[in-house]
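Below sits a lone chain in structure tokens, taken as the form predicted alone.
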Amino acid sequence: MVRHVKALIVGSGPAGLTGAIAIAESVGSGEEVVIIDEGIEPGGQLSKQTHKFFGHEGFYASTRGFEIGNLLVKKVKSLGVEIIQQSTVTGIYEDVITVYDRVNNIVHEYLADYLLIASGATERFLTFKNNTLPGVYGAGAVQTLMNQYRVLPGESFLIVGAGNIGLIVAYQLVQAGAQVKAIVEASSRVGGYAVHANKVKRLGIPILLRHTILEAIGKDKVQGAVVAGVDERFKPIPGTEKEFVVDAICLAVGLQPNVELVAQTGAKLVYIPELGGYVPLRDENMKTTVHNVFVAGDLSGIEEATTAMIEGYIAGYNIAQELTGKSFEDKIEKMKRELEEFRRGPFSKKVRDGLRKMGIVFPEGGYREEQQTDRGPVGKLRAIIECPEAIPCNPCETSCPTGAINVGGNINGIPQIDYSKCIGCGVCVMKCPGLAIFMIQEKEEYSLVGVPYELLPVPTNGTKVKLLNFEGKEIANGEVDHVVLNNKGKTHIVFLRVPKGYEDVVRSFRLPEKAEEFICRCEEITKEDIERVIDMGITDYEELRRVLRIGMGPCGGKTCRSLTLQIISEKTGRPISEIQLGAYRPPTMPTPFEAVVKSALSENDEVSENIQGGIENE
């Protein structure tokens, strides 16, 4: 049986979801609007994104990707749109659309008045020796395993590609507890946002420009990688090889649009490298050369999630307009102005150039590029913005309660701050998606530097730390002064006490590695554990034993008793001779119950033998 719907949407990513919202809201119902998606949950790539998005709050800026997905899905469902998961559109024929339902192992047939294809993109691969070894992943696979299935596919990674995806995955891997040995990038510049690059550099992850991977080392799985420098033609330079000991290699070398389905509709494809390769030819309303087929998102040109959402709205309103015969031009024009604003910046140059080849022209410029040199009044607790590039983002401006921050009238403008209005609240630090705002205050004996922090564990006041500079290099010892927790947005501010003169160079910190100085090996109690309890005021050996179980293991305290007394002496300043030794309780070594039972039975035998009518040995 063929099911007929008004609009069939392929893909439940940002473009597909906003397209569905636009159609359902405009038509008045989502009853005959269906989304087909092959994923296990709706949201597309949004479901894998744990970082905060750029843009403005109208498109969920400063909200984490998976949260945006949840909000859009909730909206779509509230409008009555049906989302069919784990199903793949396998063919678009002249008279029917076939959908394979993987859950029920059946093929369904559809007819649709209008098609919105938002099928996204596929990761590009890279050729190098042993690139099929287990342990070589695409960035999307790493994010799927890590962020959707909660499985870390390795412990130490090499990332190939320094675009936004590679940089973001590197940061997320560190958040998940993995080690990222390096990011290699064949070009001479980082392709992603500088704020993303700065974020991973502060974690001590080197970005090796003009380098590429030559080989994955290993027989049955990845055990390492060989990288080398490249010349201007991206050819490896002999003698520059380096080896990294890693168990996973993550490839983040770009995306290409999934054009198969749109090609099956008969829509014309054109090759435009700036948009990712072959893309469907379409107009500014996202309509292809087939009258009832629209596209949106990465399929129409590789870009990012915010513009995908806007394109989805434009396509959806146009479909609704044709379905109903009503005009939604005001909504369409509003979304086009949003696109125009987002695409004015330098990072949209490739997209603008690509679209121009289709005859779609977007203006550029009109944003502020000057960076602020004023660091504010010395001694005042204040925000320092280190956002050096013009990118479409303004949560710092919109979140500031006193209006101290502005991006100059265009969302791509570099933000500046009016220090006469800054009250040092730190809201901008917690809102900035790029973690590019810090707090500074010079005090008499030391300075305070507040850094945005999204890792675990969150340090506590007084924790001794290693202070790191912009490149993640240790430059001094410091201490956590206090922490401002942000339980909603999860971007906390850790205020560090740093030496005077270091306030402009300290931008991160490293927690001391957990001590492996075991005192009680039987109960796995470290020196740090004992010192922590002593600091709580418990300085008696017997009390420590009750709290920590020191000396209650198989050895009975033969080793740890004297060491513990020594620690108590060091911490309290009392001589060991004045510290109570604690009780020695039997047994002095672990004794099997069987031995005790045998002993008891043996005694009973003696009773039986010596006393007439005594207990018999059972």
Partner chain sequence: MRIKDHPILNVPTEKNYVTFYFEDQPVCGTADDTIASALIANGFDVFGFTEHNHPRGFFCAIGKCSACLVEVDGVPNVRACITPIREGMRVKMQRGRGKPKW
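Because the structure is a prediction, the values reported are computed rather than measured. Positions refer to the first chain, counted from 1.
One more form of this protein should be noted, the form predicted together with its partner chain, which is absent from this view; the next part is about it.
Trainee: Is it the case that Y137, even though its partner is missing from this view, gets within 4.5 Å of its partner chain in the model of the complex, heavy atoms only?
Mentor: So Y137 counts as contacting its partner chain.
Trainee: Would you check, heavy atoms only and a 4.5 Å threshold, whether F470 touches its partner chain in the model of the complex?
Mentor: Although its partner chain is absent here, F470 would stay clear of it in the model of the complex, with no heavy atoms inside 4.5 Å.
Trainee: How about L581: is it within 4.5 Å of its partner chain in the model of the complex, going by heavy atoms?
Mentor: So L581 does not count as contacting its partner chain.
Trainee: Please check if T132 has a heavy atom lying within 4.5 Å of any heavy atom of its partner chain in the model of the complex.
Mentor: Answer yes; at least one heavy atom of T132 falls within 4.5 Å of its partner chain in the model of the complex.
Trainee: Choose one stretch from 144-152, 199-207, 400-408, 282-290: the one whose residues place a heavy atom within 4.5 angstroms of its partner chain in the model of the complex.
Mentor: Going by heavy atoms within 4.5 Å, the stretch is 144-152.
Trainee: Any chance H4, N70 and N318 all have a heavy atom within 4.5 Å of its partner chain in the model of the complex?
Mentor: Looking in the model of the complex, the three residues H4, N70 and N318 all stay beyond 4.5 Å of its partner chain (heavy atoms).
Trainee: Go through K464, K268, R124, K357 and name the one with a heavy atom inside 4.5 Å of its partner chain in the model of the complex.
Mentor: By the 4.5 Å criterion, the partner-contacting residue is R124.
Trainee: Given that its partner chain is left out here, which of M536, I106, V361, L456 has a heavy atom within 4.5 Å of it in the model of the complex?
Mentor: Spelling it out, the residue with a heavy atom inside the cut-off is L456.
Trainee: Scan 360-384 and write down, in order along the chain, each residue with a heavy atom lying within 4.5 Å of its partner chain in the model of the complex.
Mentor: The stretch 360-384, when checked against its partner chain in the model of the complex, contributes no residue at the 4.5 Å heavy-atom cut-off.
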